[in-house]
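Laid out below as structure tokens are two forms of one and the same protein chain, each shown alone and named structure 1 and structure 2.
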Structure 1
């Protein structure tokens, strides 16, 4: 079949994908792809970097091949060939190499009003980590929606997705993603940006009061263009600072400034936050970060290795990727532990010394320690109850639901039988446990947010068990 036929199909694929995807997502991934050539049963598309290649493969290859089959009636395989883009200016050659999303991408067709005008690098923002950029943030199915929204915000702060809130468990990349927004805006404009943890916001507030400088404090936070506050769950049970934040929030929103927050749980699970501040948080566009799946974990490991000059065999990446599934922080620290050891010993990294060095990490003491007791403690605390409430006889709704949830989680993450679980929950019958699990499953189907609450609780239980 002649080559031009295939190009027609490629155009049709682009049309189809444009219909299936959000504009933002389409332009990020598909604007950078170009038809290259075809063989009898293959079609080759150029991608600007190996990062793009891996991501596009992961996300769209199956879909593209399915559409191709529908169009041609043939099983065609799509190949992606890396052809770094030529640029007029010297530009970030490294970025092209590593293939991360740099603020300049994607260019064709995107009306990016904030493309940096000067090639020289700006001084870094004092409160932001230089390496917390989009460039270094690996995208997987666990975070793609959050990342796309964050990129959109970075391009046009204070417009579409405002206020913005990122939530998810510890070590899943909330701080990195939020700071990436800050870094991007900082690099591409002279916008005033403040990044602060909730804890430091409180500290500065308390200090301002004690020094009679509350006006200075108010002016600082109410006259910024972008305000990023990390870990807002810290504001729970702190009414004074909540009041202050409420007013800051209103002033900034009224003047169309960008607000973004992170939180370790869904907003609806926050306790002891004033009603009116809660309603403000509820107003946010909320995106959650889930733990990455195996493929993304491997991509993160590879990305962490880039530029380090350390040779790590693929089978070692695979081993770590398979065994460390808790969160990104644990994943990266396992890799760093291995690198540190082999450097110290002057040894190459092999499957054997990986297995040996990361034995403890892989053996997952977290899993082993996961007692029913720990589950009860964590779930009870999360709902401001005591473990005895969960084991007791009271049947008020505020206790019944957490009790059922604790049983459901225990059933999912431990090997105990329903009879044993019933025993551990105050001597209940095994049918009660089964009924509870069924109830929660039904609720998950009708309330999709429950799933992420459960994920968060599971992670908290793991964290707690690792420490105990």
Structure 2
């Protein structure tokens, strides 16, 4: 064995990780890694893209280094070097650019690199955004499970996690993740893919009826290989299109075709959806996207800046990351506003002009540190109660009303789902939260003074959160 040749230990690491992980998880993350080189105290592993590099670092680096120490008796550091590989390419390209994820990469340690000539680049899918790919989707604790599932689906459409449903608030990346599935499948196969919003699905259905072309409509959607429908909450209270979707759903599932949906809430919170269509949605693997944490927000900002040729100091990234916490859309919107201002005014981006130009964004109540604990504390103190009263089981009127008010305000100014809010209020069901919100809305209509009380509480919560 050469002086610093640790390849035999890398093969043993792969064997141990295969035993520790589920087959699907191992296949996703380890089949695309290859031993590259070693130094006295380092091992370098090639990864096909920055997406893989970041994920393997986050998930497995500590475990890999622990196994290495057990095998060698030495403290070794593992480095991951991005070496993109295109489909059909005979070897790793010498570039640091982000590569595409490809199912045709060789197994780790394989010497068989004789593959067909690289095919011509495929034309983009007309219904999918070209930039909505896995490589451009920044991963954090808020979405890692959803991304894992999406990658597994894209590698084996119709078999792994079918049907699939992504839900969460606005601007959290649901459409990006679902279209990344479509883009990956489109690039790696000749599979027929349809991406459509729920609104356009309804519009096409209505047009087909008016033009007496319902069979054409049915054939279009029932004979595709992959059907991606965005914003299924739009189907609420529309029984005709629900009936059509129910039969389309059944046809595609019976023929093992992939279905994926997005929704702005858990499907259990959808209203006026037929029972049998609801039962189909409940069959889905349901994954929840939450607002990104600080570290992920900073990573998103840096990723967005790549290739733009704009210099943004780290202190500005830090400032935006700390003050814009609602969703990815708001985060990028704030960054774009800042970039537009500095370009138009011909000024460099500094901490001072960032604070000036984004002051309205930072002052938004939805951007403050609106934790549920803070809301409970402020509302409880306002009504001379304790947070435990709001989370407890007592149902006296002096407690029930403040509890409902706290739930309503939390639902208004945070991105938490009703399921999460119910858990935070003593493990209650999400329907209790929905009922409480409805009760407060009804009271606002009959008692205008309640609205001013709510605004006072929101201001107090914002002030308290700013200090915490």
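For clarity, a rigid core is taken as the largest C-alpha set superposing within 1.5 Å between two forms. Positions refer to the first chain, counted from 1. Since the structure is predicted, the reported quantities are computational estimates derived from the model, not experimental observations.
Novice: Sort out for me whether 1 or 2 is the form predicted in complex with ligand ADP.
Specialist: Only structure 1 fits here, because that chain is the form predicted in complex with ligand ADP.
Novice: Rigid core superposed, CA of residue 143 - does it shift 2 Å or more between structure 1 and structure 2?
Specialist: Where the cores coincide, residue 143 shows only a C-alpha shift between structure 1 and structure 2 that is less than 2 Å.
Novice: Hey, does residue 381 budge by 2 Å or more at the Cα between structure 1 and structure 2 once the core is superposed?
Specialist: Yes, shifts by 2 Å or more.
Novice: Is residue 390 one of the residues whose Cα moves 2 Å or more between structure 1 and structure 2, with the core superposed?
Specialist: Yes; that C-alpha moves by at least 2 Å between structure 1 and structure 2.
Novice: Can you give the CA shift of residue 407 between structure 1 and structure 2, in Å, with the two forms fit on their core?
Specialist: Here residue 407 registers a C-alpha shift of 4.0 Å.
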